[in-house]
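A single chain comes next, written as C-alpha cells; it is the form predicted alone.
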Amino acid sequence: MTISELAEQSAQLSHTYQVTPEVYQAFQLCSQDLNPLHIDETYAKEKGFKGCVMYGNILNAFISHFIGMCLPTSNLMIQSQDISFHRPVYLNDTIQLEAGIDTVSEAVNIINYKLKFRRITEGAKSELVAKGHVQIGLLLDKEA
C-alpha cells in the first residue's frame, strides 16, 4: 500500500470508545497516577466537577488503538501526537474519535490527521471534549 492509497482509504474515519471501569483501572495501574482528581469523587466535586475526572491520556490510548487497529494497514508507526482538552471526560462516557486528513507527504510517507473527540450523549447529541493531531508514517519493507 502506498501513502496515497492509504490517504484515499482513510480520508475520514471515526470510531466509538467507552471509558469503562476496566479502561480506567488499567490506565491507573499502568500510570500509577493517584492524583485525587482522578480517584476521589468528593475531592473532584469540591473542585467543581461532577465526579472523578478520567485521565486525559486515556484519549492518547484511544489514538493508539485507532491507528493500530482501525486504519486499513498495520504497516504504520505513530511519529507524533498531541491533544488539547476542552471538557472533562467521566467514567462511562462514550467518546467518538473522528479523524480527517490534514496533510499528506509522499516524499517522506507521512499523513497528518486532525482529530476530534466528542462525548456522545442521550438523543445522539455530542459535545467536543478534545482536539488533536496525529502524524503517522507508513513503514516500508527493508530492501534485501
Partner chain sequence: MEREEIFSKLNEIFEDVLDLEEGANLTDSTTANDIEEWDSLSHIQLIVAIEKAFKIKFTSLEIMKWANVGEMVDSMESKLN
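Residue numbers count along the first chain shown, from 1. As the structure is a computational prediction, the values presented were derived from the model and not from experiment.
The protein also exists as the form predicted in complex with its partner chain; that form is not presented, and the subsequent description refers to it.
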With the partner left out of view, is D102 within 4.5 angstroms of its partner chain in the model of the complex by any non-hydrogen atom?
yes
Is A107 close enough to touch its partner chain in the model of the complex, meaning at least one heavy atom pair within 4.5 Å?
yes
Using heavy atoms and a 4.5 Å limit, would one call Q135 a contact residue for its partner chain in the model of the complex?
yes
So, in the model of the complex, is S31 in contact with its partner chain at a 4.5 angstroms heavy atom limit?
no
Which of 93-101, 74-82, 34-42, 54-62 lies within 4.5 Å of its partner chain in the model of the complex, heavy atoms considered? The stretch 74-82
